[in-house]
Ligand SMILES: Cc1cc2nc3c(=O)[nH]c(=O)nc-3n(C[C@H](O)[C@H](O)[C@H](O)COP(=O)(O)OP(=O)(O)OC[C@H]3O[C@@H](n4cnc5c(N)ncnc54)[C@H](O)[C@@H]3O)c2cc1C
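As a starting point, one isolated chain is supplied in structure tokens, in the form predicted on its own.
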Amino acid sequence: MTHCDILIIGAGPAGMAAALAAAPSGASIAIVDDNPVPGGQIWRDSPNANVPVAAQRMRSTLAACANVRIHSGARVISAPAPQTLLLEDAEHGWSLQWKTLILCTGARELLLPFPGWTLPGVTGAGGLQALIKSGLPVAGERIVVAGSGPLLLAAAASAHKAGAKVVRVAEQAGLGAVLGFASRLAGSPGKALQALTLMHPQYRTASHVIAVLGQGRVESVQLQQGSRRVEIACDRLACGFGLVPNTQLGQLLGCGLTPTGLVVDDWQATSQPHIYAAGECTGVGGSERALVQGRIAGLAAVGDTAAAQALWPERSRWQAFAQQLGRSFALAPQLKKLPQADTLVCRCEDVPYAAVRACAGWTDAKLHTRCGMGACQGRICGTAMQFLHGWEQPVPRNPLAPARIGTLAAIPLKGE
């Protein structure tokens, strides 16, 4: 078993900011992240990625901190004992005991089922960005981007830069909501400039996907565009219906939860002693909000409350931006009508929508159809069914992820 003063789960903007804020204290800090290098999804590195200078600087500064250990390519398997996590990487499993824990577990994409969504060529909007950064060749492809929120424009820009032809960006929010959000950007010049840079001539509001058509892969996409339906020939569809906070580890540890993420107080402390949380796991709000939350959590964790409190106004500004973002791009009720009777809702276990829509809840659906019992353990279909039917998922149990036998053998025995 290894030990540290502060354990940070996640090396995205919030996790790196927390570590850099806490490092001058001299505390021993460990960061665990499942990516090859720090940066999270938004600053994902690869040969085709353009990582911002600020992110590169944070990564270099972290690497130079003698009291910070970074465990990249590692993930949390379980919480086998108080203030102890069981971890696993490609080579081994081990237990790590902490005094203070900072959860920066980020968010994942919300994927909604609709006819044809399992065809090859359909990805998440963020997923398409990650694939392009990893080297997926899309030059010459016709791509439709659909869903809601600023991520659509970012995905379209990534595809365009990689040589694809973006034939439509379909935003489900209405024109009034989008213009209202745009008007709020006047208070954030950097965001306004970014939005103008990303704007695309094929951007349409009040437009959402109905179905994907094709034999063996995507050939066209049907869209509801205002009061009419249109069909657009394309080679790929990237859907982004927003993000869902990754709260499973926090829930497993007993942290309180709201509909938007883990509960935190002014110091980013959760409802559990010695556990803080920052970034998207406390509510989706973007990298600027994650950075300042991470700094507050790191400073509070080492007792520098004066420096942490000085950051509260900045956090309030980005929190207000996040709330406006959520209101402007809230998903419309008609998206709940997308799946048809034969639409697969659980891709892992091939469960059609007809098999689950009459169930009383998530547990009932799992017991009678195996929905959510496959490889993703309900992370995709469970979240979709929560949106479609309001079904709450139970608190996660140990282990959080499948693990090797050798890793499970690293669980400390009582008294060890």
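Since we're looking at a predicted model, the values are computed, not measured. Numbers for residues come from their place in the sequence shown, where the first is 1.
The same protein also has a form predicted together with the named molecule, omitted here; what follows describes it.
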Note: the named molecule not shown here; in the predicted complex, the stretch from 115-123, 101-109, 299-307, 168-176 having heavy atoms within 4.5 Å of it is 101-109
Is Gly286 close enough to touch the named molecule in the predicted complex, meaning at least one heavy atom pair within 4.5 Å?
yes
Report whether the minimum heavy atom distance between Gln41 and the named molecule in the predicted complex is within 4.5 Å.
yes
_Is Ala14 near the named molecule? Define near as a heavy atom within 4.5 Å, in the predicted complex._
yes
Though only this chain appears here, would Arg75 touch the named molecule in the predicted complex if you measure heavy atom gaps against 4.5 Å?
yes
Note: exactly one of Leu335, Leu243, Ile232, Leu96 sits with a heavy atom within 4.5 Å of the named molecule in the predicted complex, namely Leu243
Only hit among Ala206, Ala322, Leu151, Leu131 for heavy atom within 4.5 Å of the named molecule in the predicted complex is Leu151
When the named molecule is considered in the predicted complex, the residues of 15-37 having a heavy atom within 4.5 Å of it are Gly15, Val32, Asp33, Asp34, Asn35
